[in-house]
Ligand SMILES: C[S@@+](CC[C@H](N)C(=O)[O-])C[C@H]1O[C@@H](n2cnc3c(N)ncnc32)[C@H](O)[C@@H]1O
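Okay, so here's just one chain, in structure tokens, the form predicted on its own.
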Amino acid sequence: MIVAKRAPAYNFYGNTDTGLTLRWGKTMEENPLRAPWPELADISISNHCTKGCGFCYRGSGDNGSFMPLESYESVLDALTSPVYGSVFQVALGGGEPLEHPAFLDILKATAERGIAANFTTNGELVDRSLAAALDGLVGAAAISTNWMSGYDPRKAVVLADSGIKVNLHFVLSKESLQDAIGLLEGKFNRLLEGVNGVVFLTYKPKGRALAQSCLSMNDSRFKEFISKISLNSCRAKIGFDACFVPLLLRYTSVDADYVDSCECGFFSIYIDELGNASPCSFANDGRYRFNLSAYSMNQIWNNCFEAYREEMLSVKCADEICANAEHCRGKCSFYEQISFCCT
């Protein structure tokens, strides 16, 4: 399915079958500041998970709540504009989405609306029966881990064998740095069969995640990790979350034209299982949290988030020698701990 959105100074094209997306402004050379309607919605369909990972930023447990199917369908309806249509894709998470009793129905409701669905899982419940049931309902799946000794490579193979694109989401903290370096050096290539890409996620001190495990530029291993990014030997493609973008632009040879600054609140939106909308799933306070029972999606996106956008755009880079400062949106609005090269 082809999704196209147009507005003054904004154009978007997306193909839900291939995942290809294109975005441009008045001309193909111009980048729009923000979208008039979200392109992507990050939706937590529950806060329930029985695994209890120490890095869980949501602090999910085995008594967490689920978003009812009817509520999820209402969220999708709210995300559909009479002018711009629906969001292009949703990223489903939790909690553990595969533990949601209506997970397959949620995927079907998404597909019926022509929206591409992706999900993130700890991988515990992945098997061939599930993979077969997911056929035609998801664009990609991500398996999260923070150490390679706890990663089961068979899970990615099972999903890949069913035609599902699989990414490994590796949480990058002080404790996981050595494995992260090993991934870049190719030491774990034998474990990456079926993996399309390894995406490094910057550890944030939220939920069960602790501040002392955050990355630090004073750590020589972190500097070693950064030095290996440009010339790595990983068999899979590598990528990074938006929080890592300032480091990529400042310390690597990455082409700035292929790097997007943080898109939260500018092109994407987060909605939790209670119907609270925020610019980002990692928001650690209620400054920019608005419930869909009290506000329309149009109000939230085009009015309520304006103060957040102004705050983000007001950040100025303190590094005068950074050649790519103009391409960077600056530090995180919520966490000083991951503002590595900005003040």
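Since the model is a prediction, treat every value here as computed from it, not as a measurement. Counting begins at 1, following the sequence as shown.
Beyond what is shown, the protein has a form predicted in complex with the ligand; the following relates to that form.
Enquirer: Tell me the stretch among 131-139, 255-263, 151-159, 92-100 that has any heavy atom within 4.5 angstroms of the ligand in the model of the complex.
Expert: Contact-bearing stretch, as computed: 92-100.
Enquirer: Report the residue, out of 280, 56, 312, 292, that has at least one non-hydrogen atom within 4.5 angstroms of the ligand in the model of the complex.
Expert: Of 280, 56, 312, 292, the residue with a heavy atom within 4.5 Å of the ligand in the model of the complex is 56.
Enquirer: Looking at 110, 196, 118, 144 here, can you tell me which has any non-hydrogen atom within 4.5 angstroms of the ligand in the model of the complex?
Expert: None of the other options qualify; the answer is 144.
Enquirer: Residue-level contact is defined here as any heavy atom of the residue lying within 4.5 Å of the ligand in the model of the complex; does residue 268 satisfy this criterion?
Expert: Although the ligand is absent here, residue 268 would stay clear of it in the model of the complex, with no heavy atoms inside 4.5 Å.
Enquirer: Can you tell me whether residue 250 touches the ligand? I mean in the model of the complex, with a 4.5 angstroms heavy atom cut-off.
Expert: No.
Enquirer: Examine residue 202 and determine whether its closest non-hydrogen atom to the ligand in the model of the complex is within 4.5 angstroms.
Expert: Yes, residue 202 lies within 4.5 Å of the ligand in the model of the complex.
Enquirer: Check residue 122 for me: does it contact the ligand in the model of the complex (non-hydrogen atoms, 4.5 angstroms)?
Expert: Yes, residue 122 lies within 4.5 Å of the ligand in the model of the complex.
Enquirer: May I ask you to list the residues of 164-195 that have any heavy atom within 4.5 angstroms of the ligand in the model of the complex, in sequence order?
Expert: Those in contact are 169, 171.
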